[in-house]
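A single chain, nothing else alongside it, follows as structure tokens in the form predicted alone.
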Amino acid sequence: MRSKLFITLKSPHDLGDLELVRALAKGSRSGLLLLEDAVIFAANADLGKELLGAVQDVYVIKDDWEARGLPLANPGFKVVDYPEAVDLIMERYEQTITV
């Protein structure tokens, strides 16, 4: 089973593909990398739980998070810098899917 990293830039208001993520992630080791406005997911505990219900790991880009000055509402999220994000994409997951 291939490991899958989903990548999104969309805010919670624009991302309508969470059910697609859930379906594609089923049965595989999966993660979700939040960039740009997608980091807003991490400020809402309910949305955070929903994301962690779809994938095993959620990663938040530190620079985008800090630029928006939001509190981290879900301690299950992992804050990563750009070199760590590249490692996730290139080394830790076998497949990347942008949603």
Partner chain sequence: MRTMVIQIRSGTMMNMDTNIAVKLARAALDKGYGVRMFGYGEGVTLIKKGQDPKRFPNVGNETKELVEKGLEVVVCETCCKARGIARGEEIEGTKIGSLTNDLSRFVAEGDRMVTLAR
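Numbering follows the first chain given and starts at 1. All values derive from a computational prediction rather than experimental measurement.
Form predicted in complex with the partner chain: not shown, discussed below.
For the chain shown alone, Leu47 is not a contact residue for the partner chain in the predicted complex, no non-hydrogen atom being within 4.5 angstroms. In the predicted complex, the partner chain stays beyond 4.5 Å of every heavy atom belonging to Asp57. Contact between Arg22 and the partner chain in the predicted complex is not found at the 4.5 Å heavy atom cutoff. Remark: Leu15 does not count among the residues lining the partner chain in the predicted complex, judged by a heavy atom distance of 4.5 Å or less. In the predicted complex, the residues of 14-38 lying within 4.5 Å of the partner chain by at least one heavy atom are, in order, Leu35, Glu36.
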